[in-house]
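Single chain ahead, by itself, as structure tokens, in the form predicted on its own.
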Amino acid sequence: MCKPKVGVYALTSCYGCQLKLATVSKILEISEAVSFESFYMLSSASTMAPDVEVAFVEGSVSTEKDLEELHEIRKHSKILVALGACSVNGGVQSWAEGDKKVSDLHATVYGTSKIDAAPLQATPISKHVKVDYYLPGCPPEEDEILYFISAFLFGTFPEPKDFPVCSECRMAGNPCILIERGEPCLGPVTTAGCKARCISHDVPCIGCRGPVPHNTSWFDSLASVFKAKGMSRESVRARMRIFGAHEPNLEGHLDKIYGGTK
């Protein structure tokens, strides 16, 4: 039986998404169904970009080396999946996009020390190559990982979630910590799939699964609620940019609610 060839690659990241994939409960069964051609978390003998049917790529493009590797991965992959928050949305390391120079950020972290990899402003991989599917999360949920792999094995495709964490929170029966307590919860504009885990533990959503796709994010409505709760534009902007700095409509929505003043 011919097994689909799969590659799992990492750019700049914490490797948490690879670790999550390597530790899903059915990883041994998956290993019998597919051929992992490259997966550093499972084998140090892996190479960067052999030809594969499906490539899972975690991490953001944060160095020139990342960019070179990403182009090689794309060239050798029939299907490319952005794996996790850094790959899908740039991750927390991209929060300074458009606000601070990468040279200043580099100097803040490394001072005058020299490192081998020339730094770039952290960006999602879709800024540089065609991405076929997006698997969000920090890290992605196990059931979603299994769904993606199953879909590819059956020769179909995984459908994205286009509804927010807020709906999962309602179904979980949680009290609304935004309305009832005035907490800066981003559940209404964040892509669902986590089953409102943080909110169910009384922690406001910080949006780690990224903005709801298809340009259906209601940032202006949520910003309006935040403003009514007495939150400043800068505090709202800072919170929405933790995982949403690359959301193209964010600044426009904030301008609409706060009158275009930063």
Partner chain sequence: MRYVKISKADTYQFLERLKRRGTLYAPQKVSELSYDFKLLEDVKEIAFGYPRTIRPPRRFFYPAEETLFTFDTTRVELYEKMPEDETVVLFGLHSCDIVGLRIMDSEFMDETPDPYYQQRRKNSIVIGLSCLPDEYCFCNVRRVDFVDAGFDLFFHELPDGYLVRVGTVTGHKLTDESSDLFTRVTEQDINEMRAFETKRAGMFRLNGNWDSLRYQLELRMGHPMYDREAEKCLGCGNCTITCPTCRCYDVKDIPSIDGRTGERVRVWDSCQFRSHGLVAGPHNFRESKKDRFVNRYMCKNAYNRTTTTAYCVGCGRCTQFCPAGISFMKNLMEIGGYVEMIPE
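Positions refer to the first chain, counted from 1. Since the model is a prediction, treat every value here as computed from it, not as a measurement.
We do not show the form predicted in complex with its partner chain, though everything after this point is about it.
Check your understanding: Out of 68 to 76, 177 to 185, 120 to 128, 81 to 89, where are the residues with a heavy atom within 4.5 Å of its partner chain in the predicted complex?
Key -> Of the stretches listed, the one contacting the partner is 177 to 185.
Point to revise | Contact test, all of 150, 171 and 214, partner its partner chain in the predicted complex, heavy atom 4.5 Å | key: Yes, all three are in contact.
Check your understanding: So which of 35, 46, 63, 221 gets a non-hydrogen atom within 4.5 Å of its partner chain in the predicted complex?
Key -> Partner contact (heavy atom, 4.5 Å) among the options: 221.
Review point. Which listed residue (231, 198, 30, 42) meets the criterion of a heavy atom within 4.5 Å of its partner chain in the predicted complex?
Key: Answer to the contact question: 30.
Practice item. Indicate whether its partner chain has at least one heavy atom within 4.5 Å of a heavy atom of residue 96 in the predicted complex. Key: No, residue 96 sits far enough from its partner chain in the predicted complex that none of its heavy atoms falls within 4.5 Å.
Review point. Does its partner chain come within 4.5 Å of any heavy atom of residue 164 in the predicted complex?
Key: Although its partner chain is absent here, residue 164 would touch it in the predicted complex, with heavy atoms inside 4.5 Å.
**Study point:** Exercise: residue 154 in contact with its partner chain in the predicted complex, heavy atom 4.5 Å
**Key:** It does: once its partner chain is placed as it appears in the predicted complex, residue 154 has a heavy atom within 4.5 Å of it.
Practice item. Give a yes/no on whether residue 256 approaches its partner chain to within 4.5 Å in the predicted complex, heavy atoms considered. Key: Although its partner chain is absent here, residue 256 would touch it in the predicted complex, with heavy atoms inside 4.5 Å.
Point to revise | Sequence-ordered residues of 132 to 146 touching its partner chain in the predicted complex, heavy atom within 4.5 Å | key: Counting only heavy atoms within 4.5 Å of its partner chain in the predicted complex, the single contacting residue of 132 to 146 is 146.
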